[in-house]
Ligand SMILES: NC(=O)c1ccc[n+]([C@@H]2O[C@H](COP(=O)([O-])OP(=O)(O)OC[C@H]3O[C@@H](n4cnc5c(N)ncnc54)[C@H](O)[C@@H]3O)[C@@H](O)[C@H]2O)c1
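One chain comes next, on its own, written as structure tokens: the form predicted alone.
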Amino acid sequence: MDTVRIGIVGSKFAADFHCDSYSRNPHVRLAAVAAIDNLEPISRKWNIPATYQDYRQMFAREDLDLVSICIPNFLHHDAVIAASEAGIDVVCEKPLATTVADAREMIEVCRKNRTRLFYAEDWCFSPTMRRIDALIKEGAIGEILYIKAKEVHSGTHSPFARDKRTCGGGSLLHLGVHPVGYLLYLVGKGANPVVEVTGKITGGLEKNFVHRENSGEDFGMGMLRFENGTFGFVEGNYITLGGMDDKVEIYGTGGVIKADLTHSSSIDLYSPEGVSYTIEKLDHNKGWLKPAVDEYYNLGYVSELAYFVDCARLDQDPFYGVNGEAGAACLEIVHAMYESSDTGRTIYGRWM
């Protein structure tokens, strides 16, 4: 297959960066988009010829090879299953679902229909993280002992992410799922399970630090222990001002790696008048700034979706970390952190 025909489900933030990434790929044709609103703007911006208000109609009428699910978390399950039943490979944005049961059913349906389920963990494709992978494989820091990773910012723009019922949780699920997924990819590799989980969160609503209108937590942290003894610490919060802050620290027997995914631009700008945009979630764009050079590329979206296109085009399965099983494990681990916070005890199991 030389050209992969893409369908998009959704029309807002995630759908836009998926379209941006696909548009850079010579093997892609953006064929159709389905959404309940914003259809005309997104179809015009990305020159998408067919529009639908019902994704099921799109799956039935369009000859699609791959579809991106870019809608609120609680809708992932039904959309993925509908795409798989139509025989289409599926890219699902994070988190895979809002419940572990839904995630497992999505995997089983895709397996039954022999359609691929790609889990969109962009950290695995960030140029920074890929360079870290190469350094670790080279032996630059010896054996990994401990990893600390976080994604944090000042609060979500989505009303669905602020509601625990439609999000599946709060900041720990919506943001912390990225560092959890990266640790599973880097340390777990599908063969080294997480065996202990401890978590602490604010409780939502009046128990939150800042966002008391959110029914899910606005601060969460968790500790993981892998079967081989490696520890991981992850954080996801909505209380951090100054733009989205994604950082990773990796401590080994022979060295240390520290990485900044979001504030590491090579540009230093001083503008008292301000500019329109610098990085995601920055609360001001005046004074000294570090504007992102190519945010979608640097965060991994472009390479991630190019990889999924190649898997569909070349009839290949994805590696562990960006497959459905890894997405389900991330969800299980975050839910174990919630259980730990609720009960005040460490949760034991095998998550991989």
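Heads up: residue numbers just count along the shown sequence, starting at 1. Since this is a predicted model, take the numbers as computed values, not measurements.
The protein also exists as the form predicted together with the ligand; that form is not presented, and the subsequent description refers to it.
K.L.:
If you check H157, R114, R130, K189 against the ligand in the predicted complex, which one has a heavy atom within 4.5 Å?
P.N.:
By the 4.5 Å heavy-atom cutoff, the listed residue in contact is H157.
K.L.:
Ok, E235, D122, D89, D102: which has a heavy atom sitting within 4.5 Å of the ligand in the predicted complex?
P.N.:
Of E235, D122, D89, D102, the residue with a heavy atom within 4.5 Å of the ligand in the predicted complex is D122.
K.L.:
Check, residue by residue, if D37, P72 and H76 all come within 4.5 Å of the ligand in the predicted complex, counting heavy atoms only.
P.N.:
Checking in the predicted complex: D37, P72 and H76 are all within 4.5 Å of the ligand.
K.L.:
So which of 24-32, 64-72, 306-314, 283-291 is the stretch with heavy atoms within 4.5 Å of the ligand in the predicted complex?
P.N.:
Looking at the other structure, the answer is 64-72.
K.L.:
Would Y301 show up as a contact with the ligand in the predicted complex if we use heavy atoms at 4.5 Å?
P.N.:
Yes, contact at 4.5 Å.
K.L.:
Heavy atom to heavy atom, is S341 within 4.5 Å of the ligand in the predicted complex?
P.N.:
Contact check for S341: no, nothing within 4.5 Å of the ligand in the predicted complex.
K.L.:
With the partner left out here, check for me: in the predicted complex, does some heavy atom of P95 sit within 4.5 Å of the ligand?
P.N.:
Yes, P95 lies within 4.5 Å of the ligand in the predicted complex.
K.L.:
How about H211: is it within 4.5 Å of the ligand in the predicted complex, going by heavy atoms?
P.N.:
Close contact is absent here: in the predicted complex, H211 is far from the ligand, nothing within 4.5 Å, heavy atoms only.
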